[in-house]
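Below, in structure tokens: the form predicted on its own, a single chain.
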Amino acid sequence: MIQVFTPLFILLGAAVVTVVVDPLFRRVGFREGSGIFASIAFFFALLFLGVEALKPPKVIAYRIFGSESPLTASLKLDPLSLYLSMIFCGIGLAASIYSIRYMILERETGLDRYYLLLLTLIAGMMGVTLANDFFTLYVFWELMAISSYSLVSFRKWSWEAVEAGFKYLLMSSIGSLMALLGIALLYGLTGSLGFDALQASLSSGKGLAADLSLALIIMGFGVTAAIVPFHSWLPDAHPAAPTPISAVLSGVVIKTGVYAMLWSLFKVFSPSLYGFGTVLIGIGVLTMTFANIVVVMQSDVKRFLAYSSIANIGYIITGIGLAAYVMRNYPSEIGVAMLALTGALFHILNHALGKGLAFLCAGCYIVRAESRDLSELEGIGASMPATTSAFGIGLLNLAGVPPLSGFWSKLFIISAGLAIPSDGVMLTATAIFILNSVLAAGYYLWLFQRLAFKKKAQGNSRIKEAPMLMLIPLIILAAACILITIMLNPVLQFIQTALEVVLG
């Protein structure tokens, strides 16, 4: 058990040690020490996960405490949790390396608390994917939530950060309470919080109470996933938070909400029995359409990227909804459901890499130009060629330009939606999906053209390239976008293995 869950222990242990060693680093004038220490912890955690991913697929469950009591806490390791944990830890590593220089350039203080919160944030997200019951999941969920609230409002001297943090705290707390009420209803119905026990108990349906629990879980976890209409905290949180935290929020935190919804709905509630596919399709279509309309109205580059993240959550939720819809209405077409889920899970990876990269590049522009306004960032790319090259790769991947991997994840979802042309719901949702994808590709390319090729805004002529420590994570993430495209088959094979866990 210790060997399997070593990454979680590394991050939580490093979070505690960071608070102790940071005063020692500051005493000798080594402000970068805490960031380097946190980055080393992320690297070794990711290394252990990578080694585990190379082993034959397996499912391991471990009971933390208690015997067979309903409130027993337990952990699991399966290909899906491994897949998501690697994404979370990878983006955490990139944000940590980036922060070493960024936080000093921004003259931020309290670096011991910053890296403590960053480590516990990623550990909380990993814990959510490793949880084998709702009790353990909720404990790690709250660890993630508290860390993210604090990081959004980290710049406590800024009213913008305090307001955004309070809004996020309020909305996410309400969402967490709704999810908790849904979990409590499940416990009252079944007498257990273990996923396997809940799945067995709900296999024949539990009436109105189970339906209410299902609705509460979708809404509760949907707040963190930033689905419309529970999305409004995200565009406010991004501009207020330090840029590396914006990358983590958009890249992986909202994906934790998606995972919690996916796991709860497919492992606890049977899609063929409860019929929530249509609801998820509606939520996904509404989310992507609203966000793609609003994004073109933004003048702040971080709010621009934030709304596009909401749109991408709509793509992912639509893929999950199509899979659930097919499993209920066309049980013989399980291949179509798997294709839709493959696209959704693959898009989680593509969006995490592309949007994490885009936010970190935007942070480089903001540091040099000292502005988030798009009109003041025009033409800045000519002065920062390395940053702009990485930015272009990230935006092209997000736009779904072939042959980059972002194209394939969207294509899988579209192919699944068109697989049964006689179904009006699937056909309509797919048509809207295609229109939104074309619109998104247009504004991503427009954004890149505006920052990279337009005439320089006044004051941008003396701007120089970002520091090397901020460029390193950009190079790594850009290389990952290209590498995944080249190694498409092994990545999809791993995702197929993860799908077997979801679909049983």
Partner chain sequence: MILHELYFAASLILIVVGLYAIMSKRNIVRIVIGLELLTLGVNLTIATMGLRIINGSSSVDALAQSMVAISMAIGAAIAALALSLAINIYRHYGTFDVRKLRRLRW
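The structure displayed is predicted, hence computed values, not measured ones. Positions refer to the first chain, counted from 1.
Separately, the form predicted together with its partner chain exists; it is not shown, and the next lines address it.
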| item | value |
| --- | --- |
| Among the candidates 425, 382, 181, 434, the residue which, in the predicted complex, approaches its partner chain to within 4.5 Å (heavy atoms) | 181 |
| The single option of 366, 349, 171, 75 touching its partner chain in the predicted complex, heavy atom within 4.5 Å | 171 |
| Location of its partner chain contact in the predicted complex, chosen stretch of 257 to 265, 91 to 99, 304 to 312, 188 to 196 [non-hydrogen atom, 4.5 Å] | 188 to 196 |
| Any non-hydrogen atom of residue 150 within 4.5 angstroms of its partner chain in the predicted complex | yes |
| Exercise: residue 236 in contact with its partner chain in the predicted complex, heavy atom 4.5 Å | yes |
| Proximity of residue 113 to its partner chain in the predicted complex, heavy atoms at 4.5 Å | no |
| Interface membership of residue 106, its partner chain in the predicted complex, 4.5 Å heavy atom rule | no |
| Site check 491, 494 and 500: each within 4.5 Å of its partner chain in the predicted complex by heavy atom | no |
| Partner contacts for 135 to 152, taking its partner chain in the predicted complex and a 4.5 Å heavy atom cut-off | 135, 138, 139, 142, 146, 149, 150 |
